[in-house]
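Just one chain is shown here, as structure tokens, and it is the form predicted alone.
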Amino acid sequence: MKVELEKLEKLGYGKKEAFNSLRTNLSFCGPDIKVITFTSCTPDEGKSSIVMDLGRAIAEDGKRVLLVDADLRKSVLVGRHQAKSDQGASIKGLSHYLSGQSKLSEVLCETNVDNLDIIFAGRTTPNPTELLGNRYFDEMIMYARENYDIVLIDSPPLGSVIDTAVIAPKCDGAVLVVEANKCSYRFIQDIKKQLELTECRILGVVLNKVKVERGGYYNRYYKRYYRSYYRGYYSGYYKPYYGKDDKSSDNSKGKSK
């Protein structure tokens, strides 16, 4: 099924560089890290947005990406990105597949983002933990390993429900998304211990929703760099800038005629 994501945020330079950095850091975790689950301590810490934008960054790098929305209790991807089937049909998701109502091929959605496929969550279900632990989920992971370069699983907040503890052992690594100044240090440590009990390798933490002051070091660096670099542009053509001591421009004036 082909799906159009009609509402995708256009990332600015800073955000794009941040996700490129995250993509690079994950690639250095090793070639065996292929299936990664993302969780958080509480809802609304920006986990789903992180997974989507990271998936786009990896897809732009030419790798085939599968994003799996495994939050069967509170999915936001379809509504947030206004996902619509090109045939006008309803979008089936993970819950349909895990409950045996649909085949895997029927819930795999090819998006308008090159190299990015998505399995949406589907309808809410009263028994998500049991569904996530059945053989269908294992078969999906096996298929994804063989057909994609990387698989990103958007899991429910581990501080709210136990679903991620069921998903994590089937993955190669886990990333914890933490909103700045929202959760206590002790609570985050408790979530970390729960992840460790699953014996899934913790790859790291993404600190989200950080207020970045204008005029920081990198902003000053790039502003100074580009101001110097483009200093020679004027009157519709390019004049090289060599520094204050350069007298080539004065000499060129004398030899222009």
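For clarity, every value in this text was computed on a predicted model and none was experimentally measured. Note that residue numbering begins at 1 and tracks the sequence as displayed.
Beyond the structure shown, there is the form predicted together with a small molecule, which is absent from this document and is the topic of what follows.
Undergrad: Which residue, R145, K84, K170, R80, is the contact with the small molecule in the model of the complex, using a 4.5 Å heavy atom cutoff?
TA: That would be R80.
Undergrad: Since the partner isn't included here, can you check whether the small molecule sits close to all of E45, S48 and P157 in the model of the complex (heavy atom within 4.5 Å for each)?
TA: Yes, each of E45, S48 and P157 comes within 4.5 Å of the small molecule in the model of the complex.
Undergrad: Within 4.5 Å, heavy atoms only: does K193 come near the small molecule in the model of the complex?
TA: Result no; K193 lies far from the small molecule in the model of the complex.
Undergrad: Using the partner position in the model of the complex, report whether K103 sits within 4.5 Å of the small molecule, counting heavy atoms only.
TA: K103 lies outside the contact set for the small molecule.
Undergrad: With the cut-off set at 4.5 Å between non-hydrogen atoms, does K74 touch the small molecule in the model of the complex?
TA: Because a heavy atom of K74 falls inside 4.5 Å of the small molecule in the model of the complex, the answer is yes.
Undergrad: Although the small molecule is absent from this view, report whether T198 comes within 4.5 Å of it in the model of the complex, heavy atoms only.
TA: No, no contact at 4.5 Å.
Undergrad: Could you tell me which of 58 to 66, 185 to 193, 201 to 209, 28 to 36 sits within 4.5 Å of the small molecule in the model of the complex, going by non-hydrogen atoms?
TA: Selected range: 201 to 209.
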